[in-house]
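Read the single chain below, which is given as structure tokens and is the form predicted alone.
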């Protein structure tokens, strides 16, 4: 996509946020037990979807980079990792708020929650490795990205009847909900997908610019122009 797509996506995302917020409070059913805490569902689930998508993009880009050593794939992998880390933090925070309201616990070491935390720590590790690991940072981060991507199907399916967390999939609580809830939820997913594209495209541009500056500086140092 061209640079012109970024403001378009950002505008569509903003419209989606406004419409989703309005539908959350004026259209979607109101849970009398959870009160307004139930509304966090419409943020938690879309963030989880975007966490998976961003991590998958990072992992696939990293695999291609390891094979081809092409800078553009490395830029996409880094941008996706940073965005995925942000979405992952939102998933953990909103999930904890929901858990406190629904089950009166902030956190429990269930399988899905533990794997989600591990995935987020892996994403944070990718960002830290890229910043501090030196010359081999790109390859080390790519390996971490592939490892994190492999955990996505386990997180999606790793839950049983003993867990508090609702089950995902075709028979899960989210997709078997009231039709109005599903409508607002999927609108939220679409909105955050547009936001995800906006963030990744913006970050890819800045990452590419930072890389070009580093390369120019290295050439300047080699030529003796810079000291």
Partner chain sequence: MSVLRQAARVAWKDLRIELRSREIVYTMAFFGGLIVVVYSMAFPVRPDLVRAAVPGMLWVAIAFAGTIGLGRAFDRERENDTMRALLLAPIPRLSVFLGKAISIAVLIIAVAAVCTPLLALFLDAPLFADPLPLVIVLILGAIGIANVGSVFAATLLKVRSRDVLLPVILYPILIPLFVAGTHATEAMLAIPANPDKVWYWIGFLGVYDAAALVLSLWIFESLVIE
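Numbering follows the first chain given and starts at 1. From a predicted model like this one, the values you see are computed outputs, not experimental measurements.
Absent from the display: the form predicted in complex with the partner chain. The rest refers to it.
- The partner is absent here; in the predicted complex, the one residue of 56, 183, 66, 190 having a heavy atom within 4.5 Å of the partner chain is 66.
- Residue contact check for residue 108: none of its heavy atoms lie within 4.5 Å of the partner chain in the predicted complex.
- For residue 146, a non-hydrogen atom is located within 4.5 Å of the partner chain in the predicted complex, even though that partner is not displayed.
- Using a 4.5 angstroms threshold between heavy atoms, residue 113 stays clear of the partner chain in the predicted complex.
- Using a 4.5 angstroms limit between non-hydrogen atoms, residue 139 touches the partner chain in the predicted complex.
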